[in-house]
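Only one chain is shown below, in structure tokens, and it's the form predicted alone.
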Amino acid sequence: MAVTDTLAGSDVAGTADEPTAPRGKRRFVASPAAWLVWGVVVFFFVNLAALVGSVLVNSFARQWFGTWLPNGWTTKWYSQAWDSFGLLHVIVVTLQVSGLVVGISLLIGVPASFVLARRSFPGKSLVFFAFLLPIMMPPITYGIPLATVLYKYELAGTMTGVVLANLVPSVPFVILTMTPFVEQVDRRIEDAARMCGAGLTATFTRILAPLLLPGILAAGILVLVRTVAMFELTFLTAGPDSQTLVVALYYSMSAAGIRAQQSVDAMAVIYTSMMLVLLVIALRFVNPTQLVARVKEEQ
């Protein structure tokens, strides 16, 4: 035992005294396929940055022809776009339509998601599939028949028609967003409230609603972003006094007449800035990967 311990000790000591080999620099090694993928991604983002940057620079340019940078800078195009396109009225209409769509969608979608999360009934999977259709299908596919019905009942061309059209994808979106939040609430909380004499309405409004407030806020913000960005349904059902900002931007680009391209770019910058603010707020309150996982689970 002593000899063994001595030999083991000498081996350990010898190992400790040996100089350690210097570590080499870490090298990033990737396959040709990976380099190709990264090259395509970088190419895409460079072109996207160049496109957005050119619109932003042109909105502040006096003139920009054949040079790397404009020969002067001005902000008059923003005031011109604000006056000529009536942006104040357009923004007010956009906020009104978005607010109504968010409010009605939450009033319908939150109770419906509670029922779908807490009740089991025949055809439940079919109901979820029906809610997925307006979200997964292109809006133009059901937007044209929907606009035809709204024109038949003289609702198209008004703010009411625009709100009704946008509710078609927004209510299912709230339901599919809120159902996972309801499922995460422990059922024993509801059982305890009912044992104390609370009815279904009181349990939902006084106990579940405060617990579901983060999900309600996330669903509302996401519906707000979708409504502001929704072009097809709004374009098919909006009239002169019910155009949202994205539809007004389209008409400013395609309308007949001569107008400075810089003013159109200024309007595009205003719209893009609004969407970026809404997206940043939405990402602050919701994780998109959770929503994708939920949609895949329901499929």
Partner chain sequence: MRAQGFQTLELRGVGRRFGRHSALRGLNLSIQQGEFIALLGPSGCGKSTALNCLAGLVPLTWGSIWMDGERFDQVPCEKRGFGMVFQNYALFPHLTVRGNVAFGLRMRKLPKAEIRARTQEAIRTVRLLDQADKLPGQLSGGQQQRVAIARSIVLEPAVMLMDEPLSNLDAKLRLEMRTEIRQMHQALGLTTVYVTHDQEEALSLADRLVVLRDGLVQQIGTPEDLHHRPATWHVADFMGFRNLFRLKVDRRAEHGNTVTLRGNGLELDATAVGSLSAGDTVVVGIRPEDVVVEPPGNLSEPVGEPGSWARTGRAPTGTVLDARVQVVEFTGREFAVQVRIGDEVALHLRTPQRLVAGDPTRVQLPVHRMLAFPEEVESGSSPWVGAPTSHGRGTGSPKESEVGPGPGTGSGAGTGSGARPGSGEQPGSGARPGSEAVSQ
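Numbering follows the first chain given and starts at 1. Everything quoted here is computed from the prediction, not taken from an experiment.
Below: the form predicted together with its partner chain, not depicted.
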Report yes if all three of Gly86, Val92 and Leu95 come within 4.5 Å of its partner chain in the predicted complex by some heavy atom, otherwise no. no
Is Gly199 close to its partner chain in the predicted complex, meaning a heavy atom pair under 4.5 Å apart or at it? yes
If we define contact as a non-hydrogen atom of the residue within 4.5 angstroms of the partner, is Asp191 a contact of its partner chain in the predicted complex? yes
Gly103 near its partner chain in the predicted complex, any heavy atom under 4.5 Å? no
Might Pro214 be said to contact its partner chain in the predicted complex, defining contact as any heavy atom within 4.5 Å? no
For a quick check, can you give me the residues of 235-254 that have a heavy atom within 4.5 Å of its partner chain in the predicted complex? none
